[in-house]
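In C-alpha cells, the next block holds one chain alone, the form predicted on its own.
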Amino acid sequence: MKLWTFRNMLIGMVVLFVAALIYFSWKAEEKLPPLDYSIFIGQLNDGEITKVEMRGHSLAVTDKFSRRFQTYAPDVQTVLSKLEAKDVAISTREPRGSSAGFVSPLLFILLMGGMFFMMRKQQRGGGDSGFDKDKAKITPDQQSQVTFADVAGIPEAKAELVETVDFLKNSTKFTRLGGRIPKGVLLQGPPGTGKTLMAKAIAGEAGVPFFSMSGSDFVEMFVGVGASRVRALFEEAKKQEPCIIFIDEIDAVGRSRGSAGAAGGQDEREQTLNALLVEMDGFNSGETVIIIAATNRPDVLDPALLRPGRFDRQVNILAPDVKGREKILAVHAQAMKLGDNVSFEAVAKTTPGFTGAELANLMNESALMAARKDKDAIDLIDIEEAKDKIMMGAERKGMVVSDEERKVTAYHEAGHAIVAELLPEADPVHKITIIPRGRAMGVTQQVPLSDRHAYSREFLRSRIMTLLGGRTAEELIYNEFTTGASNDLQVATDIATRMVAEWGMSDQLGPRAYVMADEGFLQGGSMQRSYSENTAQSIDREINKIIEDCYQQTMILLEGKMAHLHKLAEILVENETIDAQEVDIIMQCRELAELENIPVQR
C-alpha cells in the first residue's frame, strides 16, 4: 500500500472515531434513568422535585439532591397544574420527531460508507486518480494574444528567445543536420522583470498551445499527488505538440534535494521533482515540446534540473536600462491619454532600478492621479507625484508638525543637498521636500545622470558623505542630534561594511573579500563569513575609519557653505519643496548679497 493511501486511511479512521465519539456522547446525554410515574407524583407531592424539563409527554426530572430521572406523563395538563402549584421550575423543548432515533444512526452509517468508498477509490486509482489531477491546469491557452511587440526593455533576452520560436515553427530546420532541439529554457531574474510575459510572448509568436502551471500547484500534503500531476501535464502536452509548458516559480518544486528549506514536505517535493526530471528525459527526438520555467532563486535549484538535456538554456532577465525603461513606458501608455509635456525619456532617467512591473504601476498611478483631479490627460506633474508616492510613500497631510521640527528637518535635508552638489562623484539633486512621506519627515531625492553598473571607491565615499550631510548640518546649527538620521547612518554603515568586507576597498586589509553573498536575485540573502576574530576587529577599525574620514570631510564642506545652508533651509521652510533648478540657483551664488536677493515666497 502506498504511503499516501495509508495516510488517507489513517485520517479517515480518526474522523470516524471522532464522529462516533460525538454521536455516542449525545446518545448518552439523552439516556436518563427511568422513574415510575407514581413515584414521581409522590415525590412531587412531598416537595422533592425542583426542576422539570418537558418535551411532549416525556419529562426530565431533577430532584432536590440534583439527581436526574426520566418519566412519561399520560396527562400533561394535570401534571403541569401540579407543578405550578408546587412552584417547580419548568422548561420546555420541542418534541423530537418519531424518526430522530433512526436518522442520527443513518447519518453516521452514511459518513462511514462515504469515507470507505473514497479510500477504496484511491486504492484502485493509485497516484493517478482523478482526485490528484483536479488542480492540474491541463487545458492549454490556444490563443495567446501576447507577442514580442508587448515586451520591451529586454532586447538581449528577446533576441535569445526568438530562436525558441523558430524551434517551434520550423523544427526540421535545426534537426536536419543532426542537432536536437533544446528541451528547456530557464528564465531567471528579479521579480517584476517580465519573465511570465516573455513566456506568453513566445507562445503567442509561435502560435502553439500554452500550458501554464505554478510550482506550488504540484506540491500537496499527500505524497504522490504532485508527481501524478506532473505526469498528467506532460501526457496532455505530448498529445498537442508542438507546444509550450510554462512552470512559474519553479523553485517551489525544484529546490535542491536534501536542502534544509524542504523540511516538512520533503518526500512529496522530492517525488515531484523526480517525476519532473524523468518526464524531461522522456521526450522523444521527434517531439517538439519546450519547457519554459521562471524563477528569482536560481541558486536554490537542484543541479539535476540545470544540466544539459533538461534546462539547456538559462536566460537572465534583469531590470531594464534607461533606454529600456523609455520603451516600457511607451508600451504601458499606449491606451492612455497623455499631455504634451510628458517625456518618457525624462521619466526614464528619474526611475533608475525600476522593473517593468513597477513602471506599469507608475503609469497606472499617474492615470489615477489625473482622474482624481478631473483632468482630460495625464501631465508630467501627475507622473512625478505618482513616482514620489511609489518611492517615498504617500503624503501624510494630517500629520501635525511643529515649526521647530520643520526647521530642523529643513536644515537636515539642506545638508544632504549641499554635500551632494559639492561632490563631483555624487548623483545630482533632483528634488528636496520636507513634506512627511511614509516614515520620513523629509526626503532629498538624487537622480543619476546615467545607469551605474559598477561603483568606484570615490563614488561610494561621496554617497556616505551625502548621507552624513543631514546629521552634520544638525550638529553645526543646533549642536545637537535627532533620530532623523537613523536610516542615513544604517545605509552609510552598510556601504562602508561592504567596501571593506566584500569589495576589497580597504588600504589596510587589501584586495580580499571577507564575506560572500548568495547568488539569488532577492535582497537580504545570507552572508558567509570567512575570517577570524582578530580579522573581525581589523574590519571594524577600517569601517570606523572610513565613516570617520567621511564625516570630517562633510563637516569641512558644510562649514564653508554656512550661508548657503541657511538660505536653502529658509526657502524649504517656506516652500516645503525645492526642485533641482532652484537648488542650482542657490549653489551658484558666490557672494552673500546674491543669496540675500533670492526671494523667499510660496
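As the structure is a prediction and not an experimental result, all values here were calculated from the model. Position 1 is the first residue in the sequence shown; the rest follow in order.
Note that the form predicted together with ligand ADP isn't included here; everything after this is about it.
Put simply, of Asp321, Glu474, Asp299, Asp150 only one has a heavy atom within 4.5 Å of ligand ADP in the predicted bound form, and it is Asp150. Interface residue among Gly470, Gly184, Gly442, Gly356, judged by heavy atoms within 4.5 Å of ligand ADP in the predicted bound form: Gly356.
In the predicted bound form, ligand ADP sits beyond 4.5 Å of every heavy atom of Arg437.
Contact annotation for Lys195: at least one heavy atom lies within 4.5 Å of ligand ADP in the predicted bound form. Within 4.5 Å of any heavy atom of ligand ADP in the predicted bound form lies no heavy atom of Gly207. When ligand ADP is considered in the predicted bound form, Pro190 lines it closely, a heavy atom lying within 4.5 Å. The partner is not drawn, yet in the predicted bound form one stretch among 342 to 350, 405 to 413, 305 to 313, 356 to 364 has residues with heavy atoms inside 4.5 Å of ligand ADP: 356 to 364. Looking at 304 to 334, the residues that come within 4.5 Å of ligand ADP in the predicted bound form, counting any heavy atom, are Ile328, His332.
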